[in-house]
Structure formats: C-alpha cells, structure tokens
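Read the single chain below, which is given as structure tokens and is the form predicted alone.
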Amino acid sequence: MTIKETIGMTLAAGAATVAVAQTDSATLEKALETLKTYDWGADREALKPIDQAIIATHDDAAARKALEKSLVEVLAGGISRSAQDYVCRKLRVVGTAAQSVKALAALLADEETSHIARYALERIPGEKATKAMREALPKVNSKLKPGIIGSLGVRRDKKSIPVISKLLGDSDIEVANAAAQSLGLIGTSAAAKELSKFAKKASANMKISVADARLVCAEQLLADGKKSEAAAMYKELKDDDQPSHVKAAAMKGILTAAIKK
C-alpha cells in the first residue's frame, strides 16, 4: 500500500468518526427535546440516547459536563413529574456540586419530587449538596422531614447534629425516629452525647429506637478508632433496663472494643 493510499484511508476513517459523532450528537439532542414533553406512558426508548451518552462520557469530563448542563436545563424548564424523576435519576450519576445542586435543591420542598431530589443530592460529593439538604430541613413539612434527616445521616453531616438533636423530641414519631437513626449514622462524639442525653428522658415509644441508634453510633465510633468512647456507650447499653437484643449487642461490642487494634 502506498503512503498516499494510507493517508487516504486515515482521512476517510477520520471523516467517518466525525460523522458518527455528529449523528450521536443529533440523536442526543433529539432525546433531550423529547424529554421536555415526556410523561408517563410515553415510549421510554426515545430517551435511550441519554442513557447511552451517560455511559459513553464516563471518561470524558468535558462531554459529561455538557451532558449534565443539558439535563439541568431541562429539569429547570417546567417538565412533567415523570421527566423530573428521570432526570434526577440521571443526575445521581453525572450530577456535580457546580451544576446540579441548585436545581435539585429547588425540588426538596415539593412532596412529589423531594425524595428523588435528595437521593440525587446524597450521591453528589461535597459540602454544597449537604448544605442544600441541611438548609431545606427546617423549611419542609413533617412528611418530608424524615427523608431529609435520613439523607443527612447517610452523609454523616456533623453540622446537622444541633438541628437534628432538637427533633428527637418531635411530636411526630416518624420525625423523632429518623432523628435518632440519623444521629446514630453520623456516629461522632457529639452525636453520641446527644443520644445519651436524650436516652435519659426518652418516652416509652422512643426507647428502643434510641437504644438501637446508640448501638449504631457506638459501631461508628469503634470504626473511627474511638475505642474508649465506643466501649463507654456499650457499657451503658448493657444495663438491665435495656431490651435483650440491645444488651446482647452491647456485650458483643464491649468484647470487640477490647480486642480491636
């Protein structure tokens, strides 16, 4: 094969690559336009190019950033509940603090979108996403509070301890239980202190929930290398006034703390 023929084949391959890229881009743009009017019962295949683009841009930061921007713009454009659900699920994968947090935070107070928005925020690294949920907590109704409290627990947000601690005594039992569970997951010394303090005055319908949360908190402390604090909490939980499963777990925790390096 001559050099001329080789160059010709290379140029042809390059042209073919450009053509494929242009085709893919056009297909993606069409899918994004479809998303603007998408609703329950519509053909899900029409959105497949977006799914494919998320996979294709895995190692292409610039392309993924552009895709995220397009999805955020669609989300902010007054789309259907079904389309919002779809976009939030995609932003769980491609969402970043720089572009997605503001649009997702705007959905937290709406009962129809709060849960899927916070699921996406849970996956976005950085303080900005956590702050959005922390600031939304006092503003949402009691029905939505447990979910956001839970997400802050998953994020192990130390800054949320003061506001979550106040909700341990909430009149809504679901909110109160969520607060206990969240403090357990956060699992810091400050969270342990709040749980121990509340345990002394917890109502009958909160005692088991708080005890279980304290077990989780002790496990987190132990995992974080705070053996003495974990052991102290386990010792408090082996008292006779605790449920049998709590006492058994506490005894096991004491032994684990004693042998853990």
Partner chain sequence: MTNQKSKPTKDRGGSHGRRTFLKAAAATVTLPYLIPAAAMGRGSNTAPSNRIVMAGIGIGNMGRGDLGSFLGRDDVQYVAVCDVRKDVRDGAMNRVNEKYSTNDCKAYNDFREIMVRDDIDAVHCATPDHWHAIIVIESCRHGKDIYCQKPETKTLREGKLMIDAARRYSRVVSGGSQRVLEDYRKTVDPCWNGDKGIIKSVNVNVGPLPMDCNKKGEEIPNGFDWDRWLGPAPWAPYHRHRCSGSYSIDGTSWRSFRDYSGGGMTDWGAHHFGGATFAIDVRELEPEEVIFHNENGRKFATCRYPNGKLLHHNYPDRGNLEVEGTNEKGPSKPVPSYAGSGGIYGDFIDCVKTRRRPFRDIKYAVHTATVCHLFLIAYELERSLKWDTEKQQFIDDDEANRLVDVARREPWVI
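The shown structure was predicted, so the numbers you read here are calculated from the model rather than taken from an experiment. Numbering follows the first chain given and starts at 1.
Heads up, the form predicted together with its partner chain isn't pictured, but that's what we're talking about next.
- Heavy atoms within 4.5 Å of its partner chain in the model of the complex are found in exactly one of 69-77, 85-93, 186-194, 163-171, that being 85-93.
- For the chain shown alone, Pro138 is not a contact residue for its partner chain in the model of the complex, no non-hydrogen atom being within 4.5 angstroms.
- Interface membership of Ala103, defined by any non-hydrogen atom within 4.5 Å of its partner chain in the model of the complex, is ruled out.
- Although the partner is absent here, Lys131 lies well away from its partner chain in the model of the complex, with no heavy atom inside 4.5 Å.
- Residue contact with its partner chain in the model of the complex: Ala176 places no heavy atom within 4.5 Å of it.
- This chain appears without its partner; in the model of the complex, the one residue of Leu222, Leu28, Val216, Ala199 with a heavy atom within 4.5 Å of its partner chain is Val216.
- Taking its partner chain as it sits in the model of the complex, the stretch 105-130 comes within 4.5 angstroms of it through a non-hydrogen atom at His115, Ile116, Arg118, Tyr119, Glu122, Arg123, Ile124, Pro125.
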